[in-house]
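Take a look at the C-alpha cells below, where one protein chain is shown in two forms, each on its own, as structure 1 and structure 2.
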Structure 1
C-alpha cells in the first residue's frame, strides 16, 4: 500500500514545473538577450558581406567606440526599465554633466578636477531628484523625466549662452588638471592595428558589474521585484523607494561618465547636444530584451543592442547606403524587438 502511494507521488513530482529539468533550447529561449544576440550575428554577417571597409580589422575600434557611446548609458537605462521606470532626461543629462564641469572650472578658475567632482554631485543629484519626485507626486516616470528633460535642455542653453555669449563652452585644454583628466576620460589604447577608446573599457566594466549585481546579488532581486509588482515587493520587505531612487542615480552616474568623455574628448561641449539620445538608449535596452512593462530584461542584452547600433550606424556608411534610412531602421528594430521579446517570453513560460 505504501509503495502504491509513493510511486504516483514521484510521478507527480517529476511532472512538477518547479523540479522538472528543462532542455537547453528552452533555457536559451528564456534568456532575454537571445533575440538581440541573434540579431547582432545577422547584422554582422550582412555588413561583412556587403561592406568591404567593415572587414578591415582596424575599423573594429571605430565600431566599438560608437557602440560604447550608447552602451554606457544603455546599461543603467536597462536596469531602470527592469525596475519598471523610464528616464527621458538621460540624453540631455550627459550634456549637462559635461557643461557643468567645464563652466564651473572655467568661470571660477578652478582645477579641472574640482569641476569634474562638482559635476558628479550634480548628476547624482538630478537622478535622486527624479526618483524623489516620482514618489512625491505619484506621477509616471515618463512625465517626471520628460519635465526634467525640458528643464535641463533649457538650462543647458540658457546658462551657457549667459556665461559664454554663445552655445558652446570655452576650450579648457590649457587649465590645471586637464591633462590628467583627459587621460582618465578621453584616452585610447592601441592593440595592434586596433585603437580602442577608454569608453570601450568603461562600457565592458559597467556591463559586467551590472550583470553581476542583477543576477547574483540581493539588489538584483529587488530590481526585478519592484519592476514586476512594486506593491507586492513592498509587502515582502523590499525597499521600493530606495531601489528606484538608486536606479535613477545610476543613470545619473553614467550620464556623468559619458559627459566627462564628451568634454575631454573634444575640450568643449555644445549646449544643444544630447536631445533625442534618450530614445536611442531605450531602443538599445528594448532590443536587448527589456520589456516596457518592467520586471524583465538583461543588461548584457542592452549592451548587445548598443553593439547592433554601432555596427549598423557605421555599416550603412561603409556600404555606401543612404544614411537617411538609419532612423527608419531604428524604428523597425524597436517594433520587431518588442514583438519578438513578448512572443519569446510567452512561449518560454509555457514550456
Structure 2
C-alpha cells in the first residue's frame, strides 16, 4: 500500500515541455470544473435579472435544498465516472434504502435506528454487488447496473406489497428512535433569514471530503488511473478491482444517506419513486466536467452541476414562466451549461 502513484513527470526534469509552467489564468481555465462555474454564474445572473423572488436571501434555503438532493448523489456518481464506470441503479437505490429502513423497523417492530443501520448494510451491499458482478462477468457497468436497476425496481415494489399489502411503507413516525433519526437526517438549521435543510450540510461535507480524497490522497490517484486506463493502472500496481468496488460502495453509501432523508422527511416512502433520477445525477456530473469515458473530472464540478440543476428547476418557478414549457426550458438551460463548459475547456486546452 506504500507504492504512491505520483503525477508522472513531476519529479523529472522541469525543462521537459510536457511540464512547462503555464500562467495562472490558463491553469485555472484548464480545471475541469471551470466550465460549470461559468455556466452557474450565467444562470445565476439570468435568474437574478428576471425572477424577483430569486433575489430574496431567505429563498436561498429552498434553492440549496433542491440542489443538495441532487448533489449528495452527484458527488459519488462523479467519482465513479472519473473511475470509468456508470451506475444506473443509483436512483432507485435511494428508494431501496429508504424502503428497507422503514420496512425492517416496521415489520419486526424494531427501533428505527436498527432499520437505519440494516439499510446501510444493504445499500453498501448493493454497491459491492454491482462492483463484484462487474469483475465477475467482465460486462460493461452500463449493462450490469441496468440489470440491478430493474431488479431493485421490482424488489422495491414486490417486497413492499408483500410486507404491507400496499405500495407505500406504513407511517413509522410513532416508533422508537424516529425523533432522533429525524433530527439526524431530516432536520433544519436556521442561519439568520435562511433556513437550511440538513441535506445541504451533508452535501457540502461530502463535496469537501471527496474533493480532498480525489486531489490530495493516493486513492484519488488510483481513481484517475483506473478511469484513464485500467490495464496500465493494474500494471503499475493500482488495486483496480478494490478501487472500483469501493467507488460503487461510495455510491451505495450516499444512496443510503439520501434514502434516509427521504424516509425521515416524508415519514413514508412510495415504492415507485426514484426512477429516472440516475440520469439527473449523471447530468450533474457531466455538467461538472466529468467525461463519459472516465479518467477526467471533478467532484466540485459535479456539485456545481447540481447547483445549476437546482437553480434552473426553481428559477423557472421563481420567474413565473409558463409551466407548459418547464421541461423544455430545463433542457435548454442544461444544454447551454454543457456547451459553455465544453467551449471554455477547449479554449483553455488550445493555449
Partner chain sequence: MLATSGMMALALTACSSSGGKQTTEAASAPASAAGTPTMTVAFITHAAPGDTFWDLVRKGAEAAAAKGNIKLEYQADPDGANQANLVQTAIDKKVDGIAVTLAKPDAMKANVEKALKGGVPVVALNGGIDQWKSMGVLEYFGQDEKIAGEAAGARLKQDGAKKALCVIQEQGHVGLEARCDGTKASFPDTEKIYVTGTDMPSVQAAITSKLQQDSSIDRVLTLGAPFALTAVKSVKDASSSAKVVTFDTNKELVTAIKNGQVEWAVDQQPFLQGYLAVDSLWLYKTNGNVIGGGQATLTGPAFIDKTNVAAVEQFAASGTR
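Positions refer to the first chain, counted from 1. Since the model is a prediction, treat every value here as computed from it, not as a measurement. Rigid core (definition): largest C-alpha set, two forms, superposition within 1.5 Å.
Here the form predicted on its own appears as structure 1, and structure 2 shows the other form of the same chain.
In the core-superposed comparison between the two structures, residue 293 has its Cα shifted by less than 2 Å.
Positional change of residue 44 between the two structures stays under 2 Å at the C-alpha, relative to the superposed core. Here the two forms are laid over each other by their core, and the C-alpha of residue 337 is off by 5.7 Å between the two structures.
We note a C-alpha movement of 3.6 Å at residue 327 between the two structures, with the rigid core held in register.
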